[in-house]
Ligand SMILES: Cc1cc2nc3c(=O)[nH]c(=O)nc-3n(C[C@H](O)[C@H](O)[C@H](O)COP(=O)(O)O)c2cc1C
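As structure tokens, one chain now follows by itself in the form predicted on its own.
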Amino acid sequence: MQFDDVILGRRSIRGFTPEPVPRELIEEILALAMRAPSSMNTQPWNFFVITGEPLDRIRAGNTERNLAGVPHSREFRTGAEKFTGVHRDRQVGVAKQLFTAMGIAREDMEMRQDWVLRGFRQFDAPVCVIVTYDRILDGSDDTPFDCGAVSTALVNAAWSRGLGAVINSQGIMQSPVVREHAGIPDDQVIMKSIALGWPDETFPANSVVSERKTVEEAATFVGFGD
């Protein structure tokens, strides 16, 4: 694909086929992703790539603990717990797009709960990539920037190879479960999870393209003489 085709065509994929993803292809995607910008070349990121039975155990533990009311234990989380204002409006906006595509009515609490559970199961993707960073860098403002850059590069590289992905936090709500079954050592901080696999073209939510701010709304130009 051309660069513009990847950037403009990529969507968050939340429905996957059960077809496995070859390890060699994932390694190729990671190699591309790790060319992302890194502050002072620190490259704080690491990846735990999980499939098969270990991933099934993470899904089960994550879902069971959340349904049992076990408090969330995400390891990287700063700032406000809830969005407000225009940021909340955008969050609600994409949720409405997804629920409309899936035929989930506002009052249908059973279907809404099922949607939440899909997130806890990392959308039943055949592969989950857990993004971590070296704990020695905890508190650095550059570290989350770098991990965000590499995650963006990863989902774009995956799209260029025909794979779909969605960056999410629901799949790591119960970090002890993730640590246990992914074998993540204590010197790593769990930051995000990325569901990865072949898109299911029949899954309605996969057609959703989120609305974005315009350049006019987002950019301020200074010194251009106009």
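Residue numbers here begin at 1 and follow the sequence given. Not measured: the values here are computed from a predicted model.
In what follows, reference is made to the form predicted together with the named molecule, a form of this protein that is not presented.
Residue contact with the named molecule in the predicted bound form: A33 places no heavy atom within 4.5 Å of it. Contact check for Y133: no non-hydrogen atom falls within 4.5 Å of the named molecule in the predicted bound form. Within 4.5 Å of some heavy atom of the named molecule in the predicted bound form lies at least one heavy atom of V94. In the predicted bound form, the named molecule sits within 4.5 Å of a heavy atom belonging to S12.
This chain is displayed alone, yet in the predicted bound form one of V70, V49, I167, I184 has a heavy atom within 4.5 Å of the named molecule; that residue is I167. Not one of F16, R106 and R121 places a heavy atom within 4.5 Å of the named molecule in the predicted bound form.
Heavy atoms within 4.5 Å of the named molecule in the predicted bound form map, among the stretches 169-177, 196-204, 23-31, 59-67, onto 169-177 alone.
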